Every structure is written in structure tokens, then in C-alpha cells.
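In the block that follows, a single chain appears as C-alpha cells, in the form predicted alone.
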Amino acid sequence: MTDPRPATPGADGDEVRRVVRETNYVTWRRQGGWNPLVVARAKDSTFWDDRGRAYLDFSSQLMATNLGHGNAAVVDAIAAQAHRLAYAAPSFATEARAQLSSALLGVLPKGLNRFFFSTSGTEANEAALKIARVVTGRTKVLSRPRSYHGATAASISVTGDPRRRPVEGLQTVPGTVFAPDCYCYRCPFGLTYPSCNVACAEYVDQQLEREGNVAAMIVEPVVGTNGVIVPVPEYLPRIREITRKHGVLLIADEVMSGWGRVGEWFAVDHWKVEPDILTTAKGITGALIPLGLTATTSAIHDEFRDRYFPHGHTYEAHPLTLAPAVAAIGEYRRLDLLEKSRRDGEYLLQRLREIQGRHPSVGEVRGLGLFAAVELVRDRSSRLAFNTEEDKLAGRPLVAEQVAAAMMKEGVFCVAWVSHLVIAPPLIVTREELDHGLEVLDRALAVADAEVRTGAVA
């Protein structure tokens, strides 16, 4: 499918690409050799390049455009707010601030009723970590090796994935302790569920007892970029019990897993877990405008009634970011997207399992709602991955990226990370679009299957 309309009147795609390449940094990669596609416009589950070629957005860009591209209600809310009040300093109250605060009370887990608004997920986590440390007077934070919590100083410090390593000791904040992941496919203890008795959770009890001085434990309830790892049912409730036992705050990072992505407003709702702090961004506005949220209990907020709150931003509670979030919440409800995510998510996993059966390179498929991963392996019996995190940092060719490139040639965009693909289309995706993306994935996996047969990474 091609877009009959010009990309941007008078725009020269080659010139756009040249200027961007010669003047910009690009995230999380070596800067040499970057040759970006020029994206001209987008609508619903599709975006178009400067030549009018269409691409199915099978990962919601960065697992963010939950409402699809260009949702009219959210766009209209941005425009209306821009005309009415485009900016006010955070010391003022605004109608948009009041409206979103009231709307959040109807969707957040019970007990989370005090809000700090920023402009990204990493900023939301920075606020959460600072609040936890100040309130408890402790310095350590427990995280997990396959986590990603952001790029700024405190958030990258509690990130376990390879993006932490290049700035280790240069930007990181001391005090992070890593607990085992609840990753049954690659259990850190070599055990099998359920006979393992969820050792990964029980080990946290020992860690908190032994470490001391721990302010908080931060978790992605469903791990995002690093594999869409869904915990076993007992895991998060047990972590909640353990953190309460030790007086440690529980921070749920729902930047990716929130806003219907996994079939509930937030992933913790699946297990009826009530964290002390919840952070989110991305889907809160459908990514049409940047907004981050740090939500806490009133008990945490009360700690600052007579104590200086040592945090803030010029763009805190920016009215232009808040009004579209109100509209977005209305759209999630109007379109019944939580139920749709649950329904389509079951279909997605069923189809992915069928695909897995046809491809020796697929070690495991897993997911919850419209959030799934396809993990690629060189050998199913040993679960040996094609590539490592070191390969990613070194800029070596990755098989998962080669599969994603084959999909892109057929007009389907899919995020690849180290040795897996992230399937996370907009929640408004049609069944026909879902089928098309899966058919393209099915064909593209031949690239990885060939590597299984030859045993050599191209």
C-alpha cells in the first residue's frame, strides 16, 4: 500500500536524511553508518516514508503509540490546550492538571493518589527513586538484571541491560543491588516452575535481610525491551509481601506495560498488587506528546508536608501534556481497548505458537495482551542464543536485527533487541493487520532458520 499524498509539500527526503545524519545524535548505537528511513506521516497502525511507501507499525514505534498514530481526540485536545493555555509554571494550578488528576484516580491501582508530572519515563523513575531514598533515609535500591528504567543518572543506575555498561562509574549512582529475574526460560537457578517454589522471589527475602539500607525495589511488572518476560502468578504478590516485611518501598515501572498494553490499565492489576509508587509514560498520551507520571501513596506524600521536596522541572505539570492524557483515557474507555488487548493478545500468542512450531530458530514465544516476544536461539535443546549483549554493544551483526530487516523489506516494522523480537502493535490494530504482520514474520524467520542450519552468524 502506498500513500497517494505527497509526504510533505516541497520536502526532499534525501535532503532531510542528510541534514539529520550530519547534525544529530541517534540513540543507543554507534553513530557511524546510520542511514535512517525518513518517516513523513502516520495514521492508526501505519506510517509512510518520504516516497509514500506504507509500513505496518508492529511495535508501536517504541512500544508507545498504544492508541495508534494520530488519534483525533488526543490531537484535538493538544490543539485546544495550545490555544487556551500552552504553558504555566508548576507552582500554579490549571484546569488540565485538575482534570487529569481526577481521571487518574479512576484508573490507577488502589492507594496511588498523589502525582508528580514530568515528560518521560526516565524522569518519572528519577523522581520515584529520589522520593524513595529521601523518605526512607536509605540509599540502596534493588533491581533486576534484565531491567530497563531509563537513561538519566539514577534510572540508568538501576538498569540491568547492556546500556548501563558504557557509563558504569561515569554517570551511575552507587547503591544498586540486583536480584534474580523471574525468567523461567532461562532460570538463574536452573530450576523448573512450579517445583522451584518461585526461588527467584524467595531469594529477594534473603537479599533484603542481608543487605540492609535498602530504600526500594524497582521492577517492570512485565519486563519490556529485554524480552517481554511475564512472571509466574505467585511472583509479584510474593515480592509485595517481602518488601512490606522489610519496610522497603515497591516501585512498579509501567512505562511500557501500562495503558492497556497487557490487557489491564496496568500490569500489576493482573495480580492485584498495590505498589507504593508507580511510574509510567508512553501510552498515557498514546505518545502523541511527552508525559511522564510518578504516582505515590498519600502516606509518602505526607512525608513532605513539613519537609522540603527536593525535586522539580520547568515542564512539570505542563498543561499542553496533561490535557491530551485526559482525552487518551477517554479513548481507551470509548474503544474498549483493555478488553480488545486481552482478546487480541490471546489470538496473537496462539498464532505465534503456531509459527514457533515451523521454525527451529524460535526458542520461546511469550507475552500478555498485545505485548509479546519471539526469542531466537541457535539451538533449541541448549537454548543457546544467536547473539549476546556484548555483540550488541560492539556493533556486531545480530540475527534478530536481520530478521527485523527482512520484515521491513516487506513493509512491517518490528523492534529487535539482542536475540528477540518485540511484537507490540497499537491496541487499535485490526485482525487483518495482525495477520499480515504475522505472515511477514513467518517468512522472515527463514533468515534465522538458515543460521541454525549453517551454524554461522552472517
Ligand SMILES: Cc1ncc(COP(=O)(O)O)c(C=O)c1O
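For every residue, the number given is its place in the sequence shown, counted from 1. On a predicted model such as this, the values are computed, not experimentally measured, just so you know.
Beyond what is shown, the protein has a form predicted together with the ligand; the following relates to that form.
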Please determine whether G283 contacts the ligand in the predicted bound form, using a 4.5 Å cut-off between heavy atoms. no
Evaluate G150 for contact with the ligand in the predicted bound form, applying a 4.5 angstroms cut-off between non-hydrogen atoms, and reply yes or no. yes
Does T122 make contact with the ligand in the predicted bound form, using a 4.5 Å heavy atom cut-off? yes
If you check in the predicted bound form, is N387 within 4.5 Å of the ligand, heavy atoms only? no
Exactly one of T225, T297, S101, S157 comes within 4.5 Å of the ligand in the predicted bound form through a heavy atom, and that residue is T225
Selected contact from V374, V255, L337, V248, since only one has a non-hydrogen atom within 4.5 angstroms of the ligand in the predicted bound form: V255
Heavy atom contact within 4.5 Å of the ligand in the predicted bound form, the stretch among 358 to 366, 270 to 278, 169 to 177, 141 to 149: 141 to 149
